[in-house]
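Single chain ahead, by itself, as structure tokens, in the form predicted alone.
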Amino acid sequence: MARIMVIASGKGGTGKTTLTANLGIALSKLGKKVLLIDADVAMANLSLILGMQSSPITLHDVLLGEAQIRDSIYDGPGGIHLVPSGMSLENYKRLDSERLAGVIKEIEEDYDYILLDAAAGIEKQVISAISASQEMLLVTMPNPPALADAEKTRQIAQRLGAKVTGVIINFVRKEKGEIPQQDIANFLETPVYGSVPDDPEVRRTFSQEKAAPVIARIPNSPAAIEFQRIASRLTGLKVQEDAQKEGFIKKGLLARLFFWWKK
């Protein structure tokens, strides 16, 4: 049965869609059967990053009850499968996003991982994507506005019963003023699963004749390497220092004080 994970942040522009596309391919490279679902039914961009924007049947059709979920699944790059969302604003106004959980149940036995690319904000469609998932990966940037929105989204996930598995820090430049990784982990009470550098190769995704995720184009670029590391952590392939770091982050304040007192 699949691990159903929503990629969310609350704030727009944090790189959720880029992460979803690249992480999906990275998991596929590890031998996992992966389905990506563009759950941003208003501003669909996942198919654009994957170079698959001309798919005739989309999630819109499924949520309108006009198609079956399996009819909307397409082969994507790197061995992943994709359920795209449509571009029609008229359809968006009519569809029932609350059907999402039900249609995912029809296919959850077919995959190891189902990743949902959620919209920005905390509107109804975002709530539906979180409700349809078992787990959440939070995406943030190392600045206060992004972190504040990530915290709101984390609280919503907890109320809806979705486990917040980890946080991904995106667009890291290691500049003065960025919030340190440990402070982000402590504030969100969530282990950091990745720190993705602000890689110019990611920005070149659409500068090719056909758009393609950086992990498919330049797998040895800094961002692509980090996407691969995140996939390894999700599947349990953690190096020793990662496991030690995560264990420290997960400890509560009293546990950390006791640890240092014993030393």
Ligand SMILES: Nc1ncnc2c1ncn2[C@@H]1O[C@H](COP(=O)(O)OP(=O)(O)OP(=O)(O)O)[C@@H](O)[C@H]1O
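Start at 1 and count along the sequence shown; that's the residue number. What you see is a predicted model; the values in this text were computed from it and never measured.
The form predicted in complex with the named molecule exists for this protein as well; it is not shown, and the discussion that follows is about that form.
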Is every one of R3, L35 and E108 in contact with the named molecule in the model of the complex, taking contact as a heavy atom within 4.5 Å? no
Taking 4.5 angstroms as the cut-off for heavy atoms, does R203 touch the named molecule in the model of the complex? yes
Does P197 reach the named molecule in the model of the complex, with heavy atoms at most 4.5 Å apart? yes
Flag Y74 as yes or no: does it have a non-hydrogen atom within 4.5 angstroms of any non-hydrogen atom of the named molecule in the model of the complex? no
Evaluate N170 for contact with the named molecule in the model of the complex, applying a 4.5 angstroms cut-off between non-hydrogen atoms, and reply yes or no. yes
Taking the named molecule as it sits in the model of the complex, which residues of 13-49 have a non-hydrogen atom within 4.5 Å of it? Please list them. G13, T14, G15, K16, T17, T18, D40
